[in-house]
Every structure is written in C-alpha cells, then in structure tokens.
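What follows is a single chain, given as structure tokens, in the form predicted alone.
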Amino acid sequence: MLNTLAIAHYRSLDRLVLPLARLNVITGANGSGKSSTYRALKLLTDAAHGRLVGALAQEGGLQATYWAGPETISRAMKAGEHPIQGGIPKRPKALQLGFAGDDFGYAVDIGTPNYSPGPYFRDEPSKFLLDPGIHRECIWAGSQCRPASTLLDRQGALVKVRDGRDWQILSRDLAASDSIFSLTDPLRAPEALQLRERMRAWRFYDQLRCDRDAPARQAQIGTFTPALANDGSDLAAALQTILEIGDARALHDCITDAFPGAELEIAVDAGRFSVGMRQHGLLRPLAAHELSDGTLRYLLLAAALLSPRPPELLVLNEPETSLHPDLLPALGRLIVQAARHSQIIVVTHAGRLVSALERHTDCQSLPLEKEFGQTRLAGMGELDLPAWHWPGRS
C-alpha cells in the first residue's frame, strides 16, 4: 500500500505531500488541483511503462507543465504589501514525483537535459534543448529516502545499485529520456523489476465511455476479462467474467442496490457478447444501446470495482460523471466494498459521493484548496504532513 504521494513543481502543485490510507477521496473546488494530482499519479505509472517523457510532451512539454509561480512567496506578498513577483531563480527547473509504500519508495526528478551535439552538428546547438529529461531517480526501502536506505540511485546517465555496503555500477550511459525501469536486471536490481511490474499493474479509470457511440454499447467478441479496459470497451466480457469466476453475488447486490428489481443479462451471439438489463415492469431486457448514460456508467464502474483480479492500486477520476445524484450513495457503498481488496483513490467534487465514502471509518478525506496559486491540503500545516525528502541533484 502507498503511504505517501509527493509532487513538486507540477502545474499548481508546487509542494504537495499527501498521506494515503486504504481508501482515499481527493476533493475540492474547481481549479483546486484535483485533476493535476490525478495526472501526476498517472505520470508515475508512465515512468514504469517507459513513456514518461512522451506523456509530458503530450501535456505540452516541461515548459507548459512546470510550476508557473515564484519560487517563494514572502510574508509581505501574502499580506498584500507587495505584489507577487518572481526573482532570480535559485534552484534548477525540476519537476519531481514520488511515493513511499509499505516496502519501497520511488522518486524521479525531471528537468531540461544538457544534450551534446552529434558528430555532424558540433558547431550547432541541439534542437532538443527544451526536451524534458530525467536527472535523478531513486528507489529506497522504507518510508523515507535516506542514503542508508537507498537501493538504486540514478544521477544523470550513471545508475548504481546497492551491493552490501558498497555500490555497483549498473549503467553508465542511460539516456535522459529513459527511466531506470528500462534496465531489467533481476540479479543486481530485483527491486526495480518488482516495483516496475507493480506500478504497471495500477489501474486508472477516467475515460469510461457511455456516449451513444461508446464501444460498451456494441457487441464485442468475448474472452475472459478479469480487468476492464480503460475505455470500458470490453464491458460485457468483464461482467460475464465476474459472474463466472468472480463475486457474482456482489455484482447482483450492487445492481439491485442502485436499480431495485433490475437484473443483468449478458447475451451471446456467435461469440459476441452484449449487455442487457431486465427492469421491473418491462417484458424484455433493455439492450446496451437503450440504456441511459448513467445506467451504463454505473455498470462500467461495477465491472471495474468488482474485478476478479483486483489491483494493488485503483484510481477513479470523477466517477460521478453522467450519474444521477441518487446513484452516488450506491456507488459509495460499492467503492467501500472494493477497498477491502485494493487501495483506492477517488478524485471527485460530488458532495453526496464524498459523504457516502466518509461514512466509512477507514476513509481518508483529502480536501484540496488553493492559496496564492498553490495547491495545498486544507486544514493541515507542514508539521501535520508525512515527512518527505527529495533526493538532490549532484
């Protein structure tokens, strides 16, 4: 389980450290930094998949995602005695992401690399000077990054691994665009391999489609599907998988909880699966293309949360989209049930969903707010937050 999530200099998240529990709900007003927190968590997964630099490029590059405010805001600025303004930069431009778990922690520092021109362009500057590159990465044991607990350390192109009391060189020429997770050495760096596979198994749901042309409304070739696709295209197969090898009773109960008297049906025609639902008073089941957006959305969330192969971490971004407010308590109960098997982070601004989740004793509420453009955890001071130390650059 993750205990701490740390983000620095990413969009409005100049310095944000969040304590995490088994079930977490991140909430706040529009523009408070909820979506940025979600995207930062996805960027960590992109590092494990080897696409961190590409993912940043899709967001507009380092220049567009880097903290736009001043390095420090003085007391006079906060009191309104002086306008908020920048000064001479004292720190290198570094977008930092990290987390600490029960066993391992990981941090990455992304900045602008110093590319050397190739043999044919020695007299010309590189055209990739604004490309983001990785300057520092660390994997450590325990909750905090300390020299004694560091297991793998990357500084620039040099990667070294712990070997008893000494260090062993793993690579001397790792490209700035590559993460340490691209180095797969099960003998010298088993922690990197283990952490990479765990991070790749995290599941994020923010693109579940329920529009008129959504794939979930169409018949699809069915195969065993223990994990719903991010867009929900394999909904019928995922639901049938739950019915056959998962918790069929839980699926039935969550549908009845949201739609009293309704029953799920999975039709099969020449190997193609499609979703249907019988409702009280109707003589035939409604096909997927006839279901309301909210009903289909709820079925998609049920398939994601009741997976027969639950992930270590499951993250839902604004799951209330398209749902009628009366469905939110039922969704809250479904999320609480899924938290028995997975650590869950819910990003939402729906008050009824937040209230339903907060009734659970193990739910941790993380309300975000903005102060002078910076996202912070409301009601908590620096001493109330988990201890966190970023690895420095050499």
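Don't overthink the numbering: it's just position in the shown sequence, from 1. None of these values were measured; they are calculated from a predicted model.
There is another form of this protein, the form predicted together with a small molecule, and it is not shown here; the text below is about that form.
A single residue from the set 337, 364, 35, 355 has any heavy atom within 4.5 angstroms of the small molecule in the model of the complex; that residue is 35. Residue in contact with the small molecule in the model of the complex (any heavy atom within 4.5 Å), chosen from 263, 293, 318, 191: 318. You can rule out all but one of 337-345, 323-331, 41-49, 27-35: in the model of the complex, only 27-35 has residues with a heavy atom within 4.5 Å of the small molecule. Within this chain, residue 11 lines the site of the small molecule in the model of the complex, having a heavy atom no more than 4.5 Å away. Residue 349 belongs to the set of residues with a heavy atom inside 4.5 Å of the small molecule in the model of the complex.
Taking the partner from the other structure, the small molecule in the model of the complex has no heavy atom within 4.5 Å of any heavy atom of residue 15. Of the heavy atoms in residue 370, some are within 4.5 Å of the small molecule in the model of the complex.
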